[in-house]
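The data below hold one chain only, encoded as structure tokens and taken in the form predicted alone.
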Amino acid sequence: MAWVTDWAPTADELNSCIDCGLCLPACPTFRLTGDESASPRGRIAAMRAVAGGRAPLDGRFAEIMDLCLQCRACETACPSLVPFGRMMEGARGEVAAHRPDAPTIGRRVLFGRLIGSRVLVALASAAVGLAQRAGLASVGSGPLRKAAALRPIPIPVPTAAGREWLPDGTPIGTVALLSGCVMDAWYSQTHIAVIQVLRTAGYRVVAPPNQTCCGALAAHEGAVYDAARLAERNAEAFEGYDRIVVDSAGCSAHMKGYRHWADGGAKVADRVVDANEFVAQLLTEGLLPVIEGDVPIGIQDPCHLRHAQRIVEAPRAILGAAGCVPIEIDPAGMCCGAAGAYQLTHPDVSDQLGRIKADQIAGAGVAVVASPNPGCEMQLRAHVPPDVEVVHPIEVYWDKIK
């Protein structure tokens, strides 16, 4: 059969996999199930079969694609540099195009359309905040349990978009900040820490008013046309800025791949910098203070920081500059099971991985864990004991230097 979208896996991408199997131990779903179809190699084989007309694009194919966490740990292990994350997004886009009645249609509408509306996100976030305050979330299960694990959501819901912040002296430069969707509403404390650290280094920080959701969640759900639309809008919103700072690992990874999604996306992709790598660079340049100390703190690597962007040392350097000693929770960087919306759409698999990560944290014996991604923080908070704190590394640093 023929692929029908511009983002479908290409023949070169499909043929780049040499079936060596080195990806298998790195794949969380394969390790949990032992099923070849739950491995990167198996999923690529299914894509090849459908692309070659040897198998139908049916419900079984959709299930095989949908079980993937898209953690991209296989890319780190792959000797052939197979672009598996991009292929998965394309394959899910084909499922959406060929099977518009698939069970994932509700998710595609939510993450492709609704999450791009600042008003709707604020209203939904306020509802979650009210449920937290009324104690309704803590007595529920599934999504409600995840809501209970969130940090308290401020009401009214704050937004960074359309604002700017100046340093105390003459700015040494201007950077743009992605305010995002859930980051803006649920993790404003992270934004504040990042903004204040950048101001301390001498930067003027601007959050362009016409920006929107980065589109990562839409791309992961196969809502490829919506992902492209969101990327095009952000390409216009961030025009003219030398650096675009992103403090969510999933968002920075996706925006670094914008050349795949928007006509003007390459110009954005080349200027995107994850907040961790930028702050670590500022520390190296001597633009930020360093605190001495030996406070132990756990470090959990989000998949889209460690595997998609290959950024490992930066958050550890930031914690070290905050007077902390990073304690490795999982040197292999196995996915915590959050994976964007995966913790809501595949709760059983997600919870299995979340419990593994919680056991690793308990084994490390730390009271604080640093994780620079909102989904990971939410997942960890839902599984670790209440007395274990989960925060962004830059929040730890700002708390020490302010």
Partner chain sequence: MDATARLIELLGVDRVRTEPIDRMVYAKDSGVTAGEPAIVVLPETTAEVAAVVRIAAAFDMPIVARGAGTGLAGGAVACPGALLVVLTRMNQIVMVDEVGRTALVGPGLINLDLSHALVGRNLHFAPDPSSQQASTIGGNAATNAGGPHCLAEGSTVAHVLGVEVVSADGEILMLGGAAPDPPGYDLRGLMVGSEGTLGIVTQLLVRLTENPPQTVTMLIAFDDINDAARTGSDIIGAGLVPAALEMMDHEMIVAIENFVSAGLPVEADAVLLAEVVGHADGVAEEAGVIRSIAVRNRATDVRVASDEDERALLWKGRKSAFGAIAQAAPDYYLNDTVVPRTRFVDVLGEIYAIADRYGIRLMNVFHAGDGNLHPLVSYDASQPGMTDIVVEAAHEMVCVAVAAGGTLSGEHGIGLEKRDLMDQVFTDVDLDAQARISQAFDPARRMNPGKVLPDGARCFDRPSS
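Quick caveat: nothing in here was measured; it's all calculated off a predicted structure. Positions refer to the first chain, counted from 1.
One more form of this protein, predicted in complex with the partner chain, exists but is not displayed; see below.
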Taking the partner chain as it sits in the predicted bound form, is Asp348 in contact with it (heavy atom to heavy atom, 4.5 Å or less)? no
Although the partner isn't part of this model, could you tell me whether Ala266 comes within 4.5 Å of the partner chain in the predicted bound form, counting any heavy atom of the residue? no
May I ask you to check whether Gly21 falls inside a 4.5 Å heavy atom distance of the partner chain in the predicted bound form? yes
With the cut-off set at 4.5 Å between non-hydrogen atoms, does Val182 touch the partner chain in the predicted bound form? no
Which of these residues, Asn210, Thr170, Ser80, Thr284, gets a heavy atom within 4.5 Å of the partner chain in the predicted bound form? Ser80
Proximity to the partner chain in the predicted bound form, single hit among Cys68, Val366, Val50, Ala358 (heavy atom within 4.5 Å): Val50
Region of this chain that lies against the partner chain in the predicted bound form, out of 358-366, 372-380, 55-63, 338-346 [heavy atom, 4.5 Å]: 55-63
Which of the residues spanning 17-44 lie within 4.5 Å of the partner chain in the predicted bound form, based on heavy atoms? Ile18, Asp19, Cys20, Gly21, Leu22, Leu24, Pro25, Phe30, Arg31, Thr33, Gly34, Asp35, Glu36, Ser37, Arg41, Gly42
